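Both blocks below hold the same protein chain, though in two forms, and each is given as structure tokens: structure 1 and structure 2.
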Structure 1
């Protein structure tokens, strides 16, 4: 058997290809950013052709630098930004336009209408999701309603929908139109009980069923397809793992037992709690989602708290305000002060996701005096990441009755030691980072490798997990309670800022 497994990680701001060995250690990687297209306030788009071109480049560059070829890889896994909606032509393979990104809020009126007439309750029960701009169904409806000729092509079976996993799989394999249960569970179109597209839900959005990909397990001993000789791998490689990025991180963090949780810090934050094979319906503003399904085994579910803007708030400091030149500078700048001195930043750029689900919210910086500086704003930005995670952790405890004893963390922001210390202080529980912090790509590799026997079982994967660093709380209870009370007060200032019909 080949010595390595590969994983394409197609994220919100970049695409990377990583290669792992049997111990789960990184062998090689390459990563490239793609353009964030923002044609109007609240609109966020990506160019699918650019994403495919970046994918080709990162695969070819990684293999070349590592001196490896397609025969050195046992399988390929895919993981992706979820909910982001791509539509392309079956015959030409060309997109009908830019992808609508999960952060995009143009569908706020569609989402609001679903709740007004009772359809929202059906969506919550069947799909486990609240009607929100976040999810794919409304984005696809918007495209069908606004892109010339698309609905007619869709009804003729010529237009295809997919999240970016499906788009990449189509291009890598020469036309396989498949997604997995985790990505399908983020559309508002799949019934969690049947793990299939639901005709009633499709009817709510006016979506023709032939547009939709086949739904398969997250780890497939019978491959979804094989890469083509003309593609970036230069030969045939079975694609046997697909997971949405946050579910992939859950697998990469080996959260295979009910009650185990992880928090991924990327463009947004995503805290997932494994609930086993039981579908737990949230009463506290969380999502019910599929965590993974391995082969013929039953699907495993999770409660999820999705936060729209965390790492991207640091990018805002860099790109829009210009007070830092690189994301890592946020730690240096924030460390210049010991406290925000009453300053709070609520980065509700796309409204507020879990547990609030308020599309009418917009970002705010509150508590300012002339004393405050860029250092205070940088520290308030890091604290905002952590306070939003506390909001979700408390909702998760309310729904599950399980209190976090330790929080497993991963993703790019975990390289910021000050932010992770603040997370421990604000939550009041230890925070643990693994040796392999890029657990999203690792989880996709695990799903692919399990399917081919590269790894025998999840026990082998657990043995690969090792802690790199742990942060323990240092704040007093009074400081923790006072800081959080101020945060909740700041959140209230962001609400009812825009009109949503």
Structure 2
């Protein structure tokens, strides 16, 4: 009887493999970074062969170090950086070029054109997404338009498309071409209603259907495939869970009821609110996405607020301004003062994502006087992370009518106690962090383990969730309202700063 479940977390900067036991506790892990390839300004690529190689190594190393073999595992789950687009040849298995990463903006003209002739509104309605460089559809169109011979191969079903979940599944299983609904919901090519590729959307981007993977649930009692004996597991293991990374964190945080939300604080922030089986179309600047689909159950949807710059603003204090030497020092410096004294920092380095979606915005520090110091700026940086999250949380309440009762958090920035206290103060609701911080890999393991009966139901997963720390609001309503009014004013100052066509 296998005692563990494995999960591969293929992220933007690294790939890790983790093993969890029945209580959801981590048993072993190994992690390796891969190269960020930036051939031109605005372009970001990954080498799919390198990602597969890293995956092999982290799996083999973890199993060896833990003294475990494939028979100790009940199932394998995959989770991945979303939207990043890979195309490879069905016969040779070789990629047609580097993967185009979600951050890559080379498709800005393709995306802008969609809004000029009404196609944008169809995409918003069917796919739940605003046309943007962020999503896979335009990236795939770019490849079809620029790689010699690719379109002909794609039409014959010789060339295959996938996000990195699909690429790894293909390699692990020796040729299964499948993705899950959550990843498919980030392409601008899937209709949220039918949960299938949509011919009208495919037509907008000129994408041949034969190159697309089959869309399956996120948790699959009938496995997507089985790992091959020649692969890193050295034997057959059913692959039964796939989730995009933010959706996996939502599952890892056991947000299984409508109205439950989690906020992940990394380079950027991603707040997802479970809206149940209802598709809520945003009027307030959020995305509609599939949260998960378990087996034959109906899909569960989410509203998502994506914020481009949060933890990376702390990196900016460290790397560009040099006022701290490590990210954790931001807490020490900010704690030297107990108020920013009217100073706000809006880190709109590459425009503003949700809920504003303004590419003409640029960063600003406002409200400065001679009195202000680096400590005030550090505190304003932490507050900016929290105010941006409040903007998104407020948009969610507007769209869904649900008032957050508690915000579950995870990610690197949540190590910052002061920042989490500020989040509770600025939001006016308690903030809660779980014991297992690796919610993304855990969510993929949960999806896989639910499919095989390793975990019986979501009730059992809920029982695995334990709070490690809670921060409760301490500001008066007046302070909270005054602080937020100042933030909204500061955001206005950053808009309409650069020209965009």
Ligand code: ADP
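Residue numbers count along the first chain shown, from 1. None of the values given here were measured: they were computed from a predicted structure. Note that the rigid core is defined as the largest set of C-alphas that superpose within 1.5 Å between two forms.
Matching each structure to its source, the form predicted together with the named molecule turns out to be structure 2. Core-superposed comparison between structure 1 and structure 2: CA of residue 321 displaced by 2 Å or more.
When the rigid core is held fixed, the Cα atom of residue 340 travels 2 angstroms or more between structure 1 and structure 2. With the core superposed, residue 374 shows a C-alpha displacement of at least 2 Å between structure 1 and structure 2. CA movement of residue 478 between structure 1 and structure 2 equals 6.7 Å, with the two forms superposed on the rigid core.
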